[in-house]
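Only one chain comes next, encoded as structure tokens, the form predicted on its own.
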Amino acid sequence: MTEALRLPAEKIHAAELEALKADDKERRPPGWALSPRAAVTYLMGGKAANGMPISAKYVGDKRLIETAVATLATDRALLLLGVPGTAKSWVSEHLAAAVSGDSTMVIQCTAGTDENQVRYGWNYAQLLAHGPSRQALVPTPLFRAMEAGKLCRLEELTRMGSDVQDTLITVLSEKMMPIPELNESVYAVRGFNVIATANNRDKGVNELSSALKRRFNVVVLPLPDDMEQEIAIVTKRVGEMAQSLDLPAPKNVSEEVARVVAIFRELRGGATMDGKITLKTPSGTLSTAEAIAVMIGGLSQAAFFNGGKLSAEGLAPNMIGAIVKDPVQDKVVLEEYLETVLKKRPDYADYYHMLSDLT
């Protein structure tokens, strides 16, 4: 059997979860694997009672995670909102792992998602042979989470059509799902709740109805304000991903992370770090997640094509893909940045030449 490319959070961090659970004396809401305080420790990092270090899964404001965990202990669902690349899905997965011990009950919302993928479907062979029955019913992750008293994750909720979104209203308000074909309903077991993620930057976004919005408590996950914090996040995640992908990490990884993050922050913010030059901003978000993707792409190129050397030669092509989403508008933005900013920085000369050649 081949090794899984990626395991769920509760398996990757099973030792940490067990260590926190072993001496967790605080009150747990019904159906929870950890107490709220232990769940926050799992996400923010710290130490278990036995001295085992708990790695930080989220680097940011602890109060946001406390609010998210406290919301899940109530009857209100949680909506993690933010621009792409602010670790919404990452936080959602780890919250589910800490609270339910199971992060796999997930629905990936798309423009093609229909009610059957949210509520339940049917095994048509069974349906034709025996008619509507529980044996013929195919439960969705939401259905199974209600029966098991666990968390269900809905990723990119606003990508789903508004009419399909509103099928959640009964589930969130009444904690039940009617099955009219069987003249019965499924009632949620205590411990059930929903974590949804959404952003408003993608094209094709469907606004949530007022009725649905009222049933969510919204926690906004921001992009890192502090450059040092963003560098720390990117360096940490790049190290973890490089290890899982068996990519060697050269000694200059931190140095290149700092340079990539600096370029992304200036383009994203529309001004240089010192505030002296105003810049046009590209159409993309140039988020922390995109900086991580650029670094992983650069590490792969370094390992397989550049003799293990991580440099602008391998990183620049990946940066072009992140910055130039619109081939006309974003190309102009990048060219202006190269000529007015990077050209004047001797320590970025390699990036200036490589990016100029590629544009």
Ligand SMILES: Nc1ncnc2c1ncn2[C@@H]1O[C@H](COP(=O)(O)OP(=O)(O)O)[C@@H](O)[C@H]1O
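Please read all numbers here as calculations on a predicted model, not as lab measurements. The first residue of the shown sequence is 1; numbering continues from there.
The protein also exists as the form predicted together with the ligand; that form is not presented, and the subsequent description refers to it.
Enquirer: Since exactly one of Ala87, Ala77, Val219, Ala188 fits, which has a heavy atom within 4.5 Å of the ligand in the predicted bound form?
Expert: Selected residue: Ala87.
Enquirer: Of the options Val171, Met105, Val261, Ala289, which one has a non-hydrogen atom that comes within 4.5 Å of the ligand in the predicted bound form?
Expert: Result of the distance check: Ala289.
Enquirer: Counting only non-hydrogen atoms, which stretch in 55 to 63, 294 to 302, 329 to 337, 314 to 322 is within 4.5 Å of the ligand in the predicted bound form?
Expert: Selected range: 55 to 63.
Enquirer: Whether Ala249 contacts the ligand in the predicted bound form should be assessed with a 4.5 Å heavy atom distance threshold; does it?
Expert: No, Ala249 sits far enough from the ligand in the predicted bound form that none of its heavy atoms falls within 4.5 Å.
Enquirer: Does any part of Val83 reach within 4.5 Å of the ligand in the predicted bound form? Heavy atoms only, please.
Expert: The answer is yes: Val83 has a heavy atom within 4.5 Å of the ligand.
Enquirer: Do Arg268 and the ligand come within 4.5 Å of each other in the predicted bound form, heavy atoms counted?
Expert: No, Arg268 is distant from the partner.
Enquirer: Is Lys150 near the ligand? Define near as a heavy atom within 4.5 Å, in the predicted bound form.
Expert: No - in the predicted bound form, heavy atoms of Lys150 and the ligand never come within 4.5 Å of each other.
Enquirer: Can you tell me which bits of 213 to 242 touch the ligand in the predicted bound form, meaning any heavy atom within 4.5 Å?
Expert: Contacting residues: Ile233, Arg237.
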